[in-house]
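What follows is one chain in C-alpha cells, specifically the form predicted on its own.
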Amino acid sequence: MTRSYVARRLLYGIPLVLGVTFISFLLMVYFGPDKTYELLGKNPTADQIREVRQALGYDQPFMLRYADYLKQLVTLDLGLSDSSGESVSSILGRTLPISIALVLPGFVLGNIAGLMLGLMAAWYRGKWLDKLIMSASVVGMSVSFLVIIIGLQILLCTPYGLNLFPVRGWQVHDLGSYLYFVTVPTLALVFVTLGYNTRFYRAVMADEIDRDHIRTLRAYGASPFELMFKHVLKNSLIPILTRIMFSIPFVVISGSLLLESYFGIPGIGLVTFNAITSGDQPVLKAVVGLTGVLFVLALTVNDLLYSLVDPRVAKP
C-alpha cells in the first residue's frame, strides 16, 4: 500500500464528510427546534425577537451558518450546552470514553462469537447443527433489545434472580468495578447482535466454501481447520471488515443510547437522549456531525484495510 493510495482515499473522504455534514445540518436547521420563542415566552416584541435571533445566529445566511458549523467540527469548539451551560467539547470528552468502555466488550465478543458460529454453521451446512444455529439466530433476532435488557436485569441484578450485579450506575475505578458494572450491558449487547452477526457470517462463509479452489483442497484431504481458517476465513475478510467497520458508528451511538439511558450510565448515549428530550441543539449538532464524520472515517479506514487484505485493491 503506497502513500499515494492512502492520500487518495483520504481525499475521497472529504466530499463524503461535506455531504453528510451538509445534510445533517440542513435537517437540524429546517426541522430542528427554534429557540426564539422558547427563550422569549409569550407576546414578545419585534425588537426582542430580532435581538434573540441575532444572538442565536438565526439571522445569518444558511451557508455562513454551515461554514461556522464545519469550523466548530474541525476545531472541536462546539459551543455551550443549552441545558447545563457546559462546553459541549468537555461533555463529549468526558462521556465518549465511558461509551467506548461500555460497548467495546460486547461489540468484540458479539463479532467473535458470531464469526465462530457462522463458521460452524457453514461447515455443517444443511445438517442439524446448522439448522440449530440458524434457528437460534432467528429467535435472537426477533427478541427486542429492551426485552433482553429487562430479562437480564431480572435474572442477574434483582433478588428474583441471582442478584450478582447492579441494576443501574457506573462507579468504575479499577478493573474489578469495571467488570462489575459492564457485565450485564455486555451480555445484552452480545445477545442482541449475535443473531444478526451469525447469519451474516454464515452466508459469507457458505458462499466461499462453494468456490472451486475450496472444493479442490477438500478433495485433496485438507483438514477442516486449514480450510476454514487459512482459506475460507482469509478470503472472506473483505465483507467481514466491511460489516465490522460499518457497525462501529451505530454501536457507539445507537447501542450506547439505549444501554446508557436504561442503566443510568453517564456516557454519550445518555447525553444524546437527554439532548433529544430537552431540545439541546448544540449537543445534538455536535453528536450528529461527529457521528457523520466517524462514519466517513470508518469508510476510509475500511478502504485502507481492503488494500492490506488484498493488495490488488490498491492498484489503479
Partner chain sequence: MPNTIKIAMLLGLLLLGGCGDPPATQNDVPVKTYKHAMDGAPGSLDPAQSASLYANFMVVNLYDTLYRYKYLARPYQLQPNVAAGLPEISDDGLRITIRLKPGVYFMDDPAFAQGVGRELHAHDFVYSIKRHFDPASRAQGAWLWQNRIEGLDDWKVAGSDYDTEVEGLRALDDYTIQITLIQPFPQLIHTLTQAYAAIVPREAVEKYGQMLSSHPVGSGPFRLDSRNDTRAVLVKNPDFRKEPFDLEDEGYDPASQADLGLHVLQGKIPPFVDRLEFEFITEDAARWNAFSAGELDFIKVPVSQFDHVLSTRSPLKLSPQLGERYHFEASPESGFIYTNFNMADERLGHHPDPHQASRNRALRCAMVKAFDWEKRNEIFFYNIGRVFPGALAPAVPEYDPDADISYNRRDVQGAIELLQANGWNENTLPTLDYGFPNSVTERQIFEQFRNFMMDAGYPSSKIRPMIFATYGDYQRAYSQGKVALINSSWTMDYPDAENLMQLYYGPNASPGSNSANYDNPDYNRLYEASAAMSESPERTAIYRQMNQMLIDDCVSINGISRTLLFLWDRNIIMKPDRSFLGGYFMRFVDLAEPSRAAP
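Take the two forms, superpose them, and find the largest set of C-alpha atoms that agree within 1.5 Å; that set is the rigid core. No experiment lies behind these values; they were computed from the predicted model shown. Positions refer to the first chain, counted from 1.
Separately, the form predicted in complex with the partner chain exists; it is not shown, and the next lines address it.
Joint contact, L233, P239 and A298 to the partner chain in the predicted bound form, by non-hydrogen atom at 4.5 Å: Per the other structure, none of L233, P239 and A298 touch the partner chain.
Proximity to the partner chain in the predicted bound form (heavy atom, within 4.5 Å), stretch among 115 to 123, 178 to 186, 212 to 220, 67 to 75: Among the candidates, contact is made by 178 to 186.
Touches the partner chain in the predicted bound form: S89 (any heavy atom, 4.5 Å): Output for S89 is no: heavy atoms all beyond 4.5 Å of the partner chain.
Any non-hydrogen atom of R168 within 4.5 angstroms of the partner chain in the predicted bound form: Answer yes; at least one heavy atom of R168 falls within 4.5 Å of the partner chain in the predicted bound form.
4.5 Å heavy atom contact, M63 and the partner chain in the predicted bound form: Outside the cut-off, so no.
Q48, heavy atom within 4.5 angstroms of the partner chain in the predicted bound form: Yes, Q48 lies within 4.5 Å of the partner chain in the predicted bound form.
Heavy atom within 4.5 Å of the partner chain in the predicted bound form - the one residue of M245, L129, L227, L104 that qualifies: Among M245, L129, L227, L104, a heavy atom within 4.5 Å of the partner chain in the predicted bound form occurs only for L104.
Contacts with the partner chain in the predicted bound form - residues in 85 to 99 whose heavy atoms fall within 4.5 Å: Read in sequence order, the residues that approach the partner chain (within 4.5 Å, in the predicted bound form) are G85, E86, S87, R94, P97, I98.
S247 C-alpha relocation of at least 2 Å between the shown form and the other one, rigid core basis: It does not, since the S247 C-alpha is displaced less than 2 Å between the shown form and the other one after the core fit.
Per-residue C-alpha change between the shown form and the other one, P282, threshold 2 Å, rigid core fit: No; P282 is a residue whose C-alpha shifts by less than 2 Å between the shown form and the other one when the cores are overlaid.
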